[in-house]
Ligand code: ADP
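One chain is shown next in structure tokens, namely the form predicted alone.
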Amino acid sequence: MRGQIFRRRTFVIGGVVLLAVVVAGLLAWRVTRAPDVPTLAFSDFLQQVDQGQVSAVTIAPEGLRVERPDGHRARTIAPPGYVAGNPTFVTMLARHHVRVTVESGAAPDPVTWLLLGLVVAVVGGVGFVAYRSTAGRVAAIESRVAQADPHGAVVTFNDVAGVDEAKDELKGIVEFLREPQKFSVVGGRVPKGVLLVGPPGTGKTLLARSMAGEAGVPFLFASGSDFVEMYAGVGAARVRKLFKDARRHAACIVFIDELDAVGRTRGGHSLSHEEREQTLNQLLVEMDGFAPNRGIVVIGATNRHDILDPALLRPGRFDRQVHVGNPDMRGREAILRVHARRVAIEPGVDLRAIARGTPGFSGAELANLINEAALLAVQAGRAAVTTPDLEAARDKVMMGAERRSLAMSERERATCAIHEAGHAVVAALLPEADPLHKVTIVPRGGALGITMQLPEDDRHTHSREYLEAQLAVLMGGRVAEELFLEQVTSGASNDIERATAIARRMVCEFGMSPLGPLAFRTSGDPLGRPPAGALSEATAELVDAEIRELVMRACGTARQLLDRHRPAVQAVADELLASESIDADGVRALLATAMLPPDQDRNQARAV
């Protein structure tokens, strides 16, 4: 059916275009065609009249048409006002036996009538096609709100994992929509609005879709940008249309994604601000105004909660604010199991280990990890996803794709190996640091080499000892270059930047310095530098001194460890040059077998 409509519409549009081309060609021919009679000078015309060489003259608005006794015709143009202002002109023609005819106006010829008819047909055809394509509506104010297909793919709460608290909040609303009489007995009412807040990719839209599948009520959904147009008043009209459609149902869910596009804090003087504020005002009135909205639940989703208008967040509009954050380790494992249903997984794959190695991943990133693992398995010719596929996909998502085509000289490879060996040895020997996972000198993303650490559990707070250990690990690469190569390179620039940022936060935010538990304002600068004028000059000098002290102390810790365990660092670097990548067990084995002078160092290596 859709194909027939499309072909019919294409045929009509093609006919209209063809007709327009024909009309344009005829008009061009009419304008550019050459005259069919020669032009005669007016003085020559008067001489020919005196000589009796003119038999007839037609006085027309465009000039004089002349006919000779032999049948030849010509045309001439009299001076302005000569014919009308000279009464003897016609008398002179009659005296020479010239027949005079006067035309009051040019009568349209059949071609002119045909062209006029074609122009009317083209305009009418274009208007008809435009009317049929828009169904009689103006496209600018047409509502862009869609309703979920009840017979389409249904997403339920069983398809959502890792956000159990958010699901519990929404289950109560779904239950109210199913059985409102249970709550009306007590006198309770359903919340008018629920705002889902959280970083991108955490499953806010998926939660809204699962509500539609669980509630069994009509589900209307739109994006905040659908209400914003360049035409004044269109956004408010679309909001009114949305809630008018929603009131047709006894119970209904309205989902507005990316609410910050229309719900920003009011203020500003430009026309765009004025139009957006009109749309927001209409949304505020529809959510809590004089018009009853019984049975309508508005679900909003945003990752910019801080910029929403306060009137939108008050009780009575968005009564609940549900935070949807990144999942913890158990949540990541549950999310991986949900997405693993859609791919062939080899029996015995430990998804818990993959979940432990993906701290801070969102639900969307975990879904991407499973998909990348499936693609890697297919490229390798396997029928199921294996643990190496999942680990390779995790490394690709976290660190970027391998760049084996990048040409590196042997000197650069040796420098990179020493650098990464310094990171790895310090990370393996410091018990407060995150456990070492892998070290490689294969370029990934924008890095020439990577030392990867994975925490055993999710960390929500960080101790001073942990942060100082992280600083020492970051400075391990720079210190190893100084000790083994007696030079420093630009390869440690990112390590220095990250270490400086951590040290600044320790001083300015965490109160982990002799300056005491004081908070010093910082800006959004990547290094956490305070904005101009935020600190006095004396305080800024003290802050800079404490930051330098923390970083230099970390350099001293790394230098002490690496100088004491030189054979271990060299062994790790040599192995990296030979195999390019070493896992945590390989680093531990190299530390245990390296020639360490003091006995306690050998015991420490065995403990690692």
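Numbering starts at 1 and follows the sequence shown. Keep in mind that this is a model prediction, so the values were computed, not measured.
Heads up, the form predicted together with the ligand isn't pictured, but that's what we're talking about next.
Residue 161 belongs to the set of residues with a heavy atom inside 4.5 Å of the ligand in the model of the complex.
In the model of the complex, the ligand sits within 4.5 Å of a heavy atom of residue 363. Residue contact check for residue 295: none of its heavy atoms lie within 4.5 Å of the ligand in the model of the complex. Although the partner is absent here, residue 204 lies within 4.5 Å of the ligand in the model of the complex, judged by heavy atoms.
Only one listed stretch (381-389, 168-176, 333-341, 429-437) carries heavy atoms within 4.5 Å of the ligand in the model of the complex, and that stretch is 333-341. With the partner omitted here, the residue from 79, 310, 347, 200 that has a non-hydrogen atom within 4.5 angstroms of the ligand in the model of the complex is 200. Contact with the ligand in the model of the complex, defined as a heavy atom within 4.5 Å, holds for exactly one of 367, 414, 93, 502, namely 367. Of the residues in 557-582, none comes within 4.5 Å of the ligand in the model of the complex through any heavy atom.
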